[in-house]
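Take a look at this single chain, the form predicted alone, given in structure tokens.
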Amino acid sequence: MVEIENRNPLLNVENLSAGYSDHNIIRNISLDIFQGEIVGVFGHNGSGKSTFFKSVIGLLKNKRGIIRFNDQEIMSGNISDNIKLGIGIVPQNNNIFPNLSVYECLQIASLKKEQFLIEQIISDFPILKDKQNQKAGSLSGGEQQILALAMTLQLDPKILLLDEPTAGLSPNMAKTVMELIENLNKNFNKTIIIIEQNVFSALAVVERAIIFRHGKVVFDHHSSKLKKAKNLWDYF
């Protein structure tokens, strides 16, 4: 487990086991995430990455262990209340309103946070500025991911959970999305956890790497250790 300057963690996970019906996907996981970290979560399909994210927002009822966010316990089934604590999640799919314009998507996302001006969000995401009247579903895959991220930021989350933000994107657009994520971390001090299959792309921006294997955390260190590994895939 990585610790930072003895600070209290923003997200604290203790002995977490979770899954579906009677089958646990993740088993006895304990880890802390600290304010301002940018963390990459890696592992093969079925290793437990998405189950971990679902547990953090309280989506799974089959859960044992404790999850605390900002010193408040995450309760299973109370997804709306958990997100209101300051957890922003951008799922891999179905993360925009394809039949609405970009501007309308941002309007819907800002309804409960009127102090966040849509114009400010658009200025922070210039790639959306010229397309604000365009239907969201007509955007490229990368632009849709950026819109989904912008919509989530309307809620001013303390932590962002990003589920494979570069999946299906071209190399250039994947790089653009990753650079945007890095900017949010460095310039706005957003705590970010990224699930990503493109390990090398993510390692270019994350400071800490966590690897899941068969439902357990088998690696949790500074990302530089993974970058220097002679055979990175041995960890998987």
Partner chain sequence: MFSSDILLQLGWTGLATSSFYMLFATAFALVLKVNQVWNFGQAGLMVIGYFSCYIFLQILDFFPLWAILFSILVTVFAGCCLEKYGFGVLRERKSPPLTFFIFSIVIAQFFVFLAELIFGTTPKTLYPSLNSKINLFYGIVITNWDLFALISSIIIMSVLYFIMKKTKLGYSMTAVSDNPELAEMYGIKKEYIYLYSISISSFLLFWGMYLFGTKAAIFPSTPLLQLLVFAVIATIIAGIGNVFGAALAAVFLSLLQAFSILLIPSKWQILIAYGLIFFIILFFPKGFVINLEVFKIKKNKGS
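Positions refer to the first chain, counted from 1. Quick caveat: nothing in here was measured; it's all calculated off a predicted structure.
Separately, the form predicted together with its partner chain exists; it is not shown, and the next lines address it.
Remark: none of the three candidate residues (Ala174, Leu180 and Ala202) comes within 4.5 Å of its partner chain in the model of the complex, counting heavy atoms only. The stretch in contact with its partner chain in the model of the complex, judged by heavy atoms within 4.5 Å, is 53-61, chosen from 31-39, 166-174, 185-193, 53-61. Put simply, of Ile74, Leu139, Ala109, Ile146 only one has a heavy atom within 4.5 Å of its partner chain in the model of the complex, and it is Ala109. Among heavy atoms of Pro98, some come within 4.5 Å of its partner chain in the model of the complex. Taking the partner from elsewhere, Gln120 is found to have every heavy atom lying beyond 4.5 Å of its partner chain in the model of the complex.
Contact annotation for Pro91: at least one heavy atom lies within 4.5 Å of its partner chain in the model of the complex.
Looking at Asp81, you'd find a heavy atom of it within 4.5 angstroms of its partner chain in the model of the complex. Along 133-152, a non-hydrogen atom within 4.5 Å of its partner chain in the model of the complex is carried by Asn133, Ala148, Met151, Thr152, in order along the sequence.
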